[in-house]
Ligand SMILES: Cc1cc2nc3c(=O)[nH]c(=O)nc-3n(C[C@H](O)[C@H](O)[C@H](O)COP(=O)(O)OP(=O)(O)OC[C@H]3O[C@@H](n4cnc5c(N)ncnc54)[C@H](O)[C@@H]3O)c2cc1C
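Take a look at this one chain, the form predicted on its own, written out in structure tokens.
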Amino acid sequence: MTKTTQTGSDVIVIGAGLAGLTAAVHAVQTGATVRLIAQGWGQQIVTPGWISVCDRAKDDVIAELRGYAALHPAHPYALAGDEGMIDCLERFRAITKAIGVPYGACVKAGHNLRLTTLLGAIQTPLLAPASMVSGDLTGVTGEILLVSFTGWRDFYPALAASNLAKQGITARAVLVDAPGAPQAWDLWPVELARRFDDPALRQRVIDQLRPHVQNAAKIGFPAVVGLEQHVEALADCTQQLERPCFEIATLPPSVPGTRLSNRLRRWLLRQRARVQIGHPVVHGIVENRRCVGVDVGALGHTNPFYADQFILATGGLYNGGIQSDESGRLWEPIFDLPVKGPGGTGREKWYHANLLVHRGHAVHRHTGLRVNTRMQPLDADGAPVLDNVYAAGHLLTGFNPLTDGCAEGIALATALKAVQVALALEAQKSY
């Protein structure tokens, strides 16, 4: 049965990671009817929540990207276009501000932030949740007070302070009782964040910290300062402690990533988009080089959903968007799209002899879908496999999301480009 005999959507987005969610947002803002379908939440639930665009850039990040794209025309940034990179970042900041999880940048425009991790290492994303931006170590002077909770296993501030000291940054650690739970050993980050939403429980933490503030220039908390009321919770801490307060990314699950996913989902629902999480797309329904619909798993059967355009953002090897077996075979499970791999037979070329390799293993850099500048997956001859299917995010080959420091930037840039092409809006600003 073809799409012409069915009622469907303008766009079906498959996947609820950063690429899928932002693709759905862009499509909704053009006025399209959108349905997002995903087996589960994407990688933002386990990552810090910041946006890495080009972590290695020492100066202007976009200038670095333009140079790199010129030298590597098959890289996803080159395919999406550097102007699309600027556009997608502006759009991302606009929507996150609108939904109440604002993102910020370095005071030095166009440069990467310098943010501490829970181990006291320094990471360099371009954007981060506003709750983290006050922790930027660029040009920092004075002492940083690092806070955690007695007995809590997810953040050891003394270890972070020791490692920051090795990098010339003065930090001091302090432990306080967790809000509402003196025995905090096994508390999940999201549960702690919910407790920070309660002003009375939050006040107990603030009162314990006051004697320790002393000469601290700023105060770093694990990223659990509120879930639904995190902006208000962090502002309350900053006001009462009279120091800039910021959050530090902790072990998964990621509270900043959870905030972002929750708010984007609710925004999509308010705009009358359909959002189905927990429903696996089993396979595509293809007729004459076009996808007319997808079959989605239900209890004991599948349900078909139809659309005009389809954006595939199901992730790479670690997300299920690409699958493999012990023989070294690689495949894309929904449309059976051709997957580029490291080459050879079996898996002998997947990995280097050493586990830790600066540029990462071949299976990470060279596994994925080849696409053209319209984000259409290609066959072995370089022709689009399906006219109305577009791929975005970690599905793509030509970069290593584990080592290149650009995973989120690629998700945002390729998602925007896929929507613009699918809806013929390459030259149109939707917001």
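Owing to the predicted nature of the structure, the values given are computational and were not obtained by experimental measurement. The first residue of the shown sequence is 1; numbering continues from there.
One more form of this protein exists, namely the form predicted in complex with the ligand; it is left out here, but the text below deals with it.
Of the residues Q39, T33, T30, N372, just one reaches the ligand in the model of the complex with a heavy atom at 4.5 Å or closer; this is Q39. Checked against the ligand in the model of the complex, the residues I248, A313, L192, M85 give one hit for a heavy atom within 4.5 Å, which is A313. With a 4.5 Å cutoff on heavy atoms, H394 counts as touching the ligand in the model of the complex. For the chain shown alone, P129 is not a contact residue for the ligand in the model of the complex, no non-hydrogen atom being within 4.5 angstroms. A residue is said to contact a partner when one of its heavy atoms sits within 4.5 Å of a partner heavy atom; I334 meets this definition for the ligand in the model of the complex. When contacts are judged by a 4.5 Å heavy atom cut-off, A23 does not count as touching the ligand in the model of the complex. Residues of just one listed stretch (360 to 368, 375 to 383, 42 to 50, 60 to 68) have heavy atoms within 4.5 Å of the ligand in the model of the complex: 42 to 50. The partner is not shown here, but in the model of the complex the stretch 317 to 332 reaches within 4.5 angstroms of the ligand through a heavy atom at N319, G320, G321.
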